[in-house]
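Shown below, as structure tokens, is a lone chain in the form predicted alone; questions about how it binds or moves come after it.
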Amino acid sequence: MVFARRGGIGRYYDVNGWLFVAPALGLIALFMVYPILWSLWMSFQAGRGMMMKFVGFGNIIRLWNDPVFLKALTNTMTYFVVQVPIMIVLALILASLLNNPRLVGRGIFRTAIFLPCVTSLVAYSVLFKGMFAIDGIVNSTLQAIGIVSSPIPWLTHPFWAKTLVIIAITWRWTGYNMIFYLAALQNIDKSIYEVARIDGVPAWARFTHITIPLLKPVILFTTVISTIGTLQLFDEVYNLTEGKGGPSNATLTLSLYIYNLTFRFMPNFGYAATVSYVIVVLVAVLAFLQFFAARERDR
């Protein structure tokens, strides 16, 4: 047992715990803290490799004069505003349906809904590109039942391409949130519902006045992680648009723009680092607002 003096006569503390966690702290400092600090320093520079030069706040000023960045920021916020509420509400509805013990085949439905979360991203992207191609099964079905008269250009029209990305994200991650809601619903004391039912409280009122309040911590958690995931959106857009964010940057996100600035076109590591800190600020601000709003509702 190793002790070290903390201060004062006869006051010591055990350093064995610090010795035990020192390797982990060293790895965290090496692979997390150092890259964060280095990227922060890079955000005040421009160029790449040995050609980096200090520009101060020049990258920040450049952001607001960069139409591609503004387009990527607009797209990212659009995904956040549209997709996150859809995914949260849909996950809650599906969890409520699967929580019904009288539903036949609950296990099959639960597995089918959650399966996209663990599906290979490459296979999932190939599947979606095939399904939503001009001659794909989606357009063929919509034409067969008379909803559209001509194929929808899912991958070549700006509006429909953005809609396809939202559909793809929702399809892939709704099941992930649903599992949290389902676990929370199954942990609610059934006697609470029994008392409300005996008192004549209708089903909708039980859901809004009992279920929703008891699920607030889980709703907050899924909202925050969905917000973080959406603001960092990269994989779906990269695979569906072959890394271009097209058509005409209609689906370009901040993360994909960072990738392009770093590895494609004319690499600019400093400017890419600046854009990455825009995501950090957005995540921090939106997460704070969500926690603050949840705390205010609980008062």
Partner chain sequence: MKNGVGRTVTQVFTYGFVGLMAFLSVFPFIWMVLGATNSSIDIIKGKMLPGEALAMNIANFFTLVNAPLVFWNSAKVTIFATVLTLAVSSLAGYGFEMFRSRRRESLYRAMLLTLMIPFAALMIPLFIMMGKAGLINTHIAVVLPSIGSAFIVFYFRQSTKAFPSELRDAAKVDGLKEWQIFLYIYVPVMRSTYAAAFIIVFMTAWNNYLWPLIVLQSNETKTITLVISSLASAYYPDYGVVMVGTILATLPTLAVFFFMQRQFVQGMLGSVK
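We call the rigid core whatever largest set of C-alpha positions still superposes within 1.5 Å between the two forms. A quick note: this is a predicted structure, and the numbers were derived from the prediction, not measured. Numbering follows the first chain given and starts at 1.
Only in words, not in the display: the form predicted in complex with the partner chain, which the text now covers.
Proximity of L289 to the partner chain in the model of the complex falls outside the 4.5 Å heavy atom cutoff. In the model of the complex, at least one heavy atom of F263 sits within 4.5 Å of the partner chain. Among heavy atoms of I60, none comes within 4.5 Å of the partner chain in the model of the complex. At the 4.5 Å threshold, heavy atoms of D189 stay clear of the partner chain in the model of the complex, well away from it. This chain appears without its partner; in the model of the complex, the one residue of L142, I179, L214, V195 with a heavy atom within 4.5 Å of the partner chain is I179.
Of the residues V122, V81, A205, I147, just one reaches the partner chain in the model of the complex with a heavy atom at 4.5 Å or closer; this is V122. Taking the partner chain as it sits in the model of the complex, the stretch 90-117 comes within 4.5 angstroms of it through a non-hydrogen atom at L90, I93, L94, L97, L98, R102, L103, V104, F109, T111, A112, I113, F114, L115, P116, C117.
Relative to the superposed core, I198 undergoes a Cα shift of 2 Å or more between this form and the one not shown. Relative to the superposed rigid core, A284 undergoes a CA displacement smaller than 2 Å between this form and the one not shown.
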